Structures are given as C-alpha cells and as structure tokens.
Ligand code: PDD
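Just one chain is shown here, as structure tokens, and it is the form predicted on its own.
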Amino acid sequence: MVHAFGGAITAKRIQHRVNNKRLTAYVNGSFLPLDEAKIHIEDRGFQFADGVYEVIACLGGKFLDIKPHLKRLEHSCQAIQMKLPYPADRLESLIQQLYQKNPFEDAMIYMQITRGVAPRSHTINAPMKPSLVMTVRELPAPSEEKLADGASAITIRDFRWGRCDIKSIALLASVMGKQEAARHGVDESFWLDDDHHLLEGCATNVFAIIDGTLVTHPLDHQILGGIMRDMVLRTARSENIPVQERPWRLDEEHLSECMMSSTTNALLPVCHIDQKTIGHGKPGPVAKHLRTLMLKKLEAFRNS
C-alpha cells in the first residue's frame, strides 16, 4: 500500500480514519471540536468571499515547504490590502499545535483568513480584526489505478476573475469547473485563455512535454504559483530536463505527455484530455521519472 505520495501506509495511519467528533479546529484564538467550530454570520468571508487561504501538506509531523506557503499567504493578503492576523512564526506554531491535536500522520492543513466581522457593506469603513480558521484532514492519495493509467481532463474557456495569482476563497468558478469535470466523468478541468493556451486546472498546475522540453504557463495574473509546481520545475532542472515557462496549446507539434501537480497529487500524469489520447495513452517516461524523483525527495523529507 502507499501513503499519500506513494510510500508505505502505516498501521497507525489506517487506524486514524475518524469522524468529525474526534477532530479539532482552530477558530480565532481557540482550539475546539470541529463540530463546534463556528464563525459570525456577518464575517466578510461568508458574505463577500473577502479572504484568502492556503493548504499545507504534513508528512509524519513535518510540514512541506511551510515557509513558501506562508509567504504566498502573505502575498495574497497584501494583494487585497489585508494584514496577517499573526506574524509568520506565530502562524507556524499554531499550525503545529493544531496538527498535534488531530489524529493523522499524513495531513493537509487548511488555513483561511478573512477580513473579519462587520455589518454587511461593500465598503470597508473601519479597520477590522481578521478572522483565522484552520482545519486538518487526512492527506488523500491518487489511487493505484490512477497512477497506472493516468488522469483524464477536459478543457473549458476561462471565465474566472483577473487575479488568479491571489489564492482567494472565492472559488465558485473552480467549483463549477470541477462539477463540469465530474459530469464528463474525468478528474480535472483545465482553463483555456482566448487563444486556447492551457493555463492551469481548477485545483492544479498543468505541464506538457513538447519536443523533450517540460513546458508550463508562466507565472502571471492568470495562474497561481503552486508550491508543487515549483518543486516540479526544480526537479526537472536538477535532471537537466529543459524547461520553458511559456504559453502552450494542446495542438502543438511533438507534444507527447501531459501532467498536473497539486498538494494532494504531487505529480500525476494526464493521459486523456477532451477524450483525446495524449502520447500513447499511458503515463509517459518523463512524468514517471519526475514523479519517482519527487516521491524520493518527499520520503527523504519525511525521514530527515
């Protein structure tokens, strides 16, 4: 059996499939049972989606790239003119405490910061105290079948807002995209710009192998700079695999592989898009090689 990124599942972790009554959340200064965790009805996150979030993977008590995550969280806050509720080192301590209060060996920590509570008005009339909410869940894993056969996806025209570099809690477009993927019986929807360039997925970054080069859309307002995206690029460069960050299309000549990255998937080959076969219809050699290298790095991180 495999853990969330491909290693062994321990007996301890198998025993830790629990219900909400045993889970602990963090809400604005308090640790409390998940079923008792609540926010004010006039929290601006609830009424306006006026907030940002992060999802951080934890492997055996060690948080993967926590500082880049918190740096990205700070960028998102600054972009909407909102302050972090605590300094980064205090947030890191709270994350650690919350993890220890929950029963998962491998976990994902969800952090959400909203502007706070105020009578409903679009205008921000006075300084507010930000709301901080955190929850912990078991880190999911791609199935053995998915790893063997690769994922599938569809493409849809991008109708999101123009600041996708901000990790906003306003995820209605991504919910709609995921629902469309589910309706088609596939794993993900990839957003296309007006020139049919692939941007990213609803919850993933996307890559292609084109003429032996790893290609992905450059960082700009149209995509989120994924933490796993960065790991994929660093791993490729360390293996002397050519990398290009540029707009790309599915109909480019010599496109032989596609893949997507995320906190929950690490790197996952994508073998069918819009019912068309990519390459030979099975995970390609570059994707498999990169995934193997990333899993080795993640296991070394766990054991360090």
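Numbers follow the displayed sequence, beginning with 1. For clarity, every value in this text was computed on a predicted model and none was experimentally measured.
Unshown form predicted in complex with the ligand; subsequent notes refer to it.
Residue contact with the ligand in the predicted complex: T235 places no heavy atom within 4.5 Å of it.
Shown alone here, T264 lies within 4.5 Å of the ligand in the predicted complex, counting heavy atoms only. Proximity of K83 to the ligand in the predicted complex falls outside the 4.5 Å heavy atom cutoff. Among residues of the shown chain, H217 is not one whose heavy atoms approach the ligand to within 4.5 Å in the predicted complex. Only one of F63, F31, F46, Y53 comes within 4.5 Å of the ligand in the predicted complex through a heavy atom, and that residue is Y53. Checked against the ligand in the predicted complex, the candidates H75, K101, H184, R160 yield a single residue with a heavy atom inside 4.5 Å, and that residue is R160.
Contact check at 4.5 Å (heavy atoms) against the ligand in the predicted complex: all three of H69, A203 and R229 pass. Contact annotation: the ligand lies within 4.5 Å of heavy atoms from the stretch 255-263 in the predicted complex, the single such stretch among 255-263, 33-41, 241-249, 271-279.
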